[in-house]
Structure formats: structure tokens, C-alpha cells
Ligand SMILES: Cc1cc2nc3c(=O)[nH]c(=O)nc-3n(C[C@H](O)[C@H](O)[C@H](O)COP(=O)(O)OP(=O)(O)OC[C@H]3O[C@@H](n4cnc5c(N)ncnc54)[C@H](O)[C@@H]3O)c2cc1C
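A single chain comes next, written as C-alpha cells; it is the form predicted on its own.
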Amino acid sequence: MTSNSRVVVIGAGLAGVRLARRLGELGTPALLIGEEEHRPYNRVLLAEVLAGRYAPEVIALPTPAGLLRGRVTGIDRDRRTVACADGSEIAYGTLVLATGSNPVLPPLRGLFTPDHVLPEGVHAFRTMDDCLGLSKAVRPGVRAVVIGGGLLGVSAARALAVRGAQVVLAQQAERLMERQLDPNASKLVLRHLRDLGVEVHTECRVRDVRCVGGAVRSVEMADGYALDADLVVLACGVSPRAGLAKAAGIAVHKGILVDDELRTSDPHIRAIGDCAQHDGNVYGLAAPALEQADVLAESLAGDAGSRYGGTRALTRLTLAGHTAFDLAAFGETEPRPGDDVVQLADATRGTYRKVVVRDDRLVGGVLVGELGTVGALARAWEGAEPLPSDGGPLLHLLTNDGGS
């Protein structure tokens, strides 16, 4: 393949690897450039590696043939080349940015050393190196503070508790996973964490990280209350990694702006995954990234009609182990006036099921515990078709076995 027709993909995460693999299957091999020294891996499962359930190699992705390890430092759009940190240049016909996202580091006093690095004991939780660093540091009895009570913070707190750490989770919002869950489901997540020994503080803002000799010793709240800490995990969300695109003059808002062909403001450059913003949405989830990769692969392989119309993303959290916990949330979990709500809770079994129906269509739901119904409900929601008059998949919601 000549350089002026070559597809070059920057980023060897879920989106980049999926695209490279699909292109290879379609007869259009791509050069994949990955920055991390590890084999490509499924980032979604990092918490299970931290919990000790999986070894790192278990979550490795099939490595595409054309994988080059290196860091891209710049894009020359006129010459259609990318510059690498080792001084080399790579020519492209089509460039795909699958650069993912960066962890959000909160503006806390004392968070960085004078050399602008995180103090000893303070970790983000985004990469395999982050995970391995935490795994090395955690041991029974270690005092760990997790800052952030979203999906990532809950997963990290649970994993550390399973490893025997004394865990405190500090969440600024009024409840856990408030973006995905309704209040009842949040309470079940809270109960699950407390059953594992995690101390949870909501409506709690962290103000300061206190260090001695370059190592973290405590975390101070806005009200002056201090938590002793040997480990601090920053789980405050992610932001699209769009610096390369922005420096090259490509249109960026929250993420790299793309159209239905996943094309950026430069017709020779596409973007997929966490770094991309399509129709106002930056998803930051695995399912949309994989769907975008599949659509783009078809397009680059010659299917002129291949278009991306957005993803109706479902959030899934499965925490296996002695105290298993399974959760799914999709669509609008809070009803509007006039909506119908079907809700079933079993406090003894710790299960909760709720769906929201509008104009005979399923518009959202939350399932906690037994998730036998999630497949049927998700299909009904994704298809946006009118529900059958006999209740269809909603009837399963009322069965004792969860429809499994």
C-alpha cells in the first residue's frame, strides 16, 4: 500500500484496535500506533485486574499485525504526515484519531509536587500502568481514599476493598453514580459498598492533599475534616484527548468534532472513540467506540453509504466475587409527567427493577441484581418500537427469576 493511500490509526485502545482489526478483515490493512508499552487491553476490565480477579494478560486484546509502538507529537496536515517522539515521520492517506481520553485531575491544593508530578501514593485510575501501580501499593489494612463516586470511583473503591484496604470514598454529589442511576438504585450501590466495609461520604468536597516527604499522608475536606491516607485514587471523570487535533488546527469543542462519516474538519482525518464528539455527544463508553470503529471500517473499505447515527448507550457494571453486584442503566431513568413507570424492589435480595414508558415506548430503565431481563429490555429500548399490547418484555420484569 502506498503512503498516500495508507490508513494510519493513532491510539491502540478499544476503538483503535477494533478499527485496525476490522479493516484487516475487509482487506484494507492499517498502521496502528500505540503509545503504551503494554499489549492493547480492555480498559473496561481494569478494576477487575486491581481486584485481583484477572491477571493483566487476561484482558489483553488481539494485537493487530500492523502495531507500531511510539508517541505521536504532531500532525502536518499539508504534507499528510505525523511526527513521532523518536524523530521519525509517518505518511498517511487517511489519518484516524482514536486517542481516547485523559483522567480529570481536580484542582486540589498539594496535588502536584514542585516537579509537577503526582506525589507518592496518589494515583489516577485510567491506564494499565495506573492499575499496576495501585496493585503494587495496596495491601491489607492500607488506608485508601477514593475521590469520585461515579462508575469509575465505585469500581475502584470496591476493588481496593476486596484487596483488604480500608477504603473511604468521597463523592461531591448527593449520591453515588448520579448520572446513570435513580436514587433507589444509588442506595443499593451504597449498600453494596458498605457491606464490603467501604466508608462513603456524599455531598463532600475534597480541598487539600497533604504530603510529607513527597508522599501523601492525608486528605482534607472543605469542612476541615481530615482523612488519613496511604493511597489516594483520583476517579473524577475523563476528558477527551484532543490536544493533537487542536494543535493541528482541527475543529475541537468538548471533543474532536465529527460528522456522520466520522470525518473531522479535515477531510483526510477521522476520529472515533472517547476523543470524538458527534452530534453534541462525547460518549466516553465502550459500546459507542466499538460501533464507531465498525462504521468507519466499512466506510474506509469502500462502503460509501456507511454512516454513524449515534449510539443509545447502556451502562453496565458487573462486580463479581464473593459479594456479586450487577447493574445496568439505559436511557431516561427519571420519568416526565405523564410517563408510566413499572418498578419492583426486593430489599431482602437486594434487587431493583424500574422501567420508564412514554407513548407505549420504552425510554429508559435501571436494573440492579438479577439482570436476566436486560437483553430483552435493551433491545426494546434500542429499537424504539411500540411495546406489544400484551406487555412483551415488561412482563418479564415482574417474574421472580428476573426473566432469566
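Being a predicted model, the structure only gives us computed values, none of them experimental. Start at 1 with the first residue shown and count on from there.
The form predicted together with the named molecule is left out here; the points below concern that form.
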Contact test in the predicted bound form: G100 vs the named molecule, heavy atoms, 4.5 Å: yes
Given that the partner is absent here, does A20 sit within 4.5 Å of the named molecule in the predicted bound form, heavy atoms only? no
Answer yes if any heavy atom of F330 is within 4.5 Å of a heavy atom of the named molecule in the predicted bound form; otherwise answer no. no
How about L31 - does it come within 4.5 Å of the named molecule in the predicted bound form, if we only consider non-hydrogen atoms? no
Thinking of the named molecule in the predicted bound form, which stretch from 115-123, 88-96, 286-294, 201-209 has heavy atoms inside 4.5 Å of it? 286-294
Quick one: in the predicted bound form, does every one of L14, R241 and L244 get a heavy atom within 4.5 Å of the named molecule? yes
Residue (of R217, R163, R316, H192) lying close to the named molecule in the predicted bound form, criterion heavy atoms within 4.5 Å: R316
Contact residue in the predicted bound form, from V232, L134, L151, V167 (heavy atom within 4.5 Å of the named molecule): L151
What residues, if any, in 171-191 have a non-hydrogen atom within 4.5 angstroms of the named molecule in the predicted bound form? none
